[in-house]
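One chain comes next, on its own, written out as structure tokens in the form predicted alone.
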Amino acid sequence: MSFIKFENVSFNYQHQKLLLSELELSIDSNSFTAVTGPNGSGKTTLGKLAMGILKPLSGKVLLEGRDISTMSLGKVGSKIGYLFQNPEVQIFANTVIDDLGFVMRIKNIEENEINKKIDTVLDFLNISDLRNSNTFNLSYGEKQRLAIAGILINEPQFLILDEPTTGLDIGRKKMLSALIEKLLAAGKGLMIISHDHKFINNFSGKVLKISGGKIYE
């Protein structure tokens, strides 16, 4: 069974022409998929449909066989992590440690367990030195890693990264590439939405192009 499946999905924004038309798409839980296409072609829209942030005009998006429109965003978020184009919108607190512990503290998880999970994810992302940093003083690349850390705290099976190379220099792109390889090696599935062909060609997997409301592999 596919992890994410689009069945005859069409979508448009209000009072606009059809952006995506009768899409059929299957994505496995431990696969790498890149979604590319010109600006305005619907790349980000596809990712938000896969996450349940947007609802199809017609057709269904299934997550592990279940209609995603019947699931809460919290439930979807436990299975899929979404990195927005601007990572700052996913940072909620003044310090790295407070930001990563925010949701867990709301859930009344014990502080020892919170610290253990924070240390594990910071170590995985090679940013343990940022543990007590002020989030406002972080570079763009560091904020991106913090946002990814916030996603990984929930231990999702699959990640969607929306234009993750925007604002990154060559060095930071290499760091991101190494992180993606590490995530794939750890068994995570990834969908990368990007116009950066040179970057997505670094990885083995499926490349989908959106054009004229359709998907071409």
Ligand SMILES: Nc1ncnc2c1ncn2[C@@H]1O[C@H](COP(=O)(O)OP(=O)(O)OP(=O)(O)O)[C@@H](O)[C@H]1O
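What you are looking at is a predicted structure, and each value in this text was computed from that prediction instead of being measured. A residue's number is simply how far along the shown sequence it sits, counting from 1.
If you look for the form predicted together with the ligand, you will not find it shown, but the lines that follow are about it.
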{"query": "Partner proximity in the predicted bound form: Lys206 to the ligand, non-hydrogen atom cutoff 4.5 Å", "finding": "no"}
{"query": "Asn134 within 4.5 Å of the ligand in the predicted bound form, heavy atoms", "finding": "no"}
{"query": "Touches the ligand in the predicted bound form: Ser139 (any heavy atom, 4.5 Å)", "finding": "no"}
{"query": "Gly167, heavy atom within 4.5 angstroms of the ligand in the predicted bound form", "finding": "no"}
{"query": "The ligand in the predicted bound form: contacting segment from 62-70, 24-32, 171-179, 43-51, heavy atom within 4.5 Å", "finding": "43-51"}
{"query": "The single option of Ser78, Gln85, Thr95, Ser128 touching the ligand in the predicted bound form, heavy atom within 4.5 Å", "finding": "Gln85"}
{"query": "Contact set, 1-36 vs the ligand in the predicted bound form - heavy atom within 4.5 angstroms", "finding": "Tyr13, Gln16, Leu19"}
